[in-house]
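We begin with a single chain expressed as structure tokens, specifically the form predicted alone.
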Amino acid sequence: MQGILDGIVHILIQSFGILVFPGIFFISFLALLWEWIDRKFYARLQNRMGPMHTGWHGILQPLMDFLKLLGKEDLTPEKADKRSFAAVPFVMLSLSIILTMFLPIVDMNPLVPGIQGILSFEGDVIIVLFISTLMAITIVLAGYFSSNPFGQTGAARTGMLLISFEIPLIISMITPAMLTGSLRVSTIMNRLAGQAGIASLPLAYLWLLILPFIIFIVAIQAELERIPFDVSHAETEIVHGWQVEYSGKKLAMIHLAEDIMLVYAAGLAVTMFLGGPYLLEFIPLEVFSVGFASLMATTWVGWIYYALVFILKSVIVVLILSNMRTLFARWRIDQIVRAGWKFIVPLALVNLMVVQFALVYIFPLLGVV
């Protein structure tokens, strides 16, 4: 009987984690909050006010925009591939939510050392990269399913973005995997942070993450199709690109999926390069030793602490991405492809070779293990 009760409790905890915290509800809340922060900061950098009138300083504006789109008329073009056209928003929203499930945000299982994502297994970095690529392919197909020339043009541009920046994105994520010797997202994060009983990496290793982090930020900005890489849905050129025929509920789900992808992108940067939801653990004092980690892992205080640290670090990444939107004007598609293949990809490959050379020859020679 006790075993049955333990099983039921475990299922309830897992269901709460998937549906509420740190799962779908929490991620959706962050998605709308990140959109507001992005729009507000972007506006202030341009000497504008941004959202102001819905909620405190316009904080409810993203939610109101989502609800408004849900109430709009949902149209399907006569010549569109109707079933595929209707499936695209559901696929995009599902893939974006699945990607966030790999982010280690809070300690859901005190019996397992270190913070794990809701989905976590050895080799999950490869799955994350595969699903993110599948998301880009879905966007490419979305434009063609609409049978609209502007949509097809936007889809073609998305495909060119994909082949230009997917490679440096993958290489930038391989670097922390090489340094930590793991292809598991949570293990990479815990080793970078020196948590879960794993010895922290030497400081010399961490210097090798600076350039991959910069490459990751540039590549993920392109993957999110944000300025200066927004040629795939440029309103001044191709109306709204691959999204031109989507309206009503479909467009609402697409926008929510894009906001969730921003949560995923910022969270992945925090997880792979910035130590995840760890902060006070880096302070070399006795109070932040094993006792502190045990307290965080066994009480609800840990959930609040880890969630707040994750939010704080993610906000910093979101502000960096918003700053890029302000600093740069939209590039032409040929400029984007040229920059990707002539500069970003070679730079990522050279960095990968430098990291491998340092691990095999330089660090052993210097006695850095």
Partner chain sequence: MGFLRKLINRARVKSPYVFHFNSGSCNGCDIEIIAALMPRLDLERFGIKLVGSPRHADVMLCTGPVTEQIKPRLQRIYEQMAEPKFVVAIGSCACSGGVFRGSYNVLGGVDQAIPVTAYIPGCPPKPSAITYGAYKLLEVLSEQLGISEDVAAEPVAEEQTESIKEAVEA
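Everything quoted here is computed from the prediction, not taken from an experiment. Numbering follows the first chain given and starts at 1.
The same protein has a further form, the form predicted together with its partner chain, not shown here; the description that follows concerns it.
The partner is not drawn, yet in the predicted complex one stretch among 115-123, 131-139, 239-247, 98-106 has residues with heavy atoms inside 4.5 Å of its partner chain: 239-247. None of the heavy atoms of Gly181 is located within 4.5 Å of its partner chain in the predicted complex. Among heavy atoms of Pro51, some come within 4.5 Å of its partner chain in the predicted complex. Contact between Leu75 and its partner chain in the predicted complex is found at the 4.5 Å heavy atom cutoff. Taking the partner from elsewhere, Lys68 is found to have a heavy atom lying within 4.5 Å of its partner chain in the predicted complex. For the options Ala307, Met64, Val337, Ile37, the residue carrying a heavy atom within 4.5 angstroms of its partner chain in the predicted complex is Met64. With the partner omitted from this view, the residue of Leu211, Ile217, Leu251, Ile167 that lies near its partner chain in the predicted complex is Leu251 [heavy atom within 4.5 Å].
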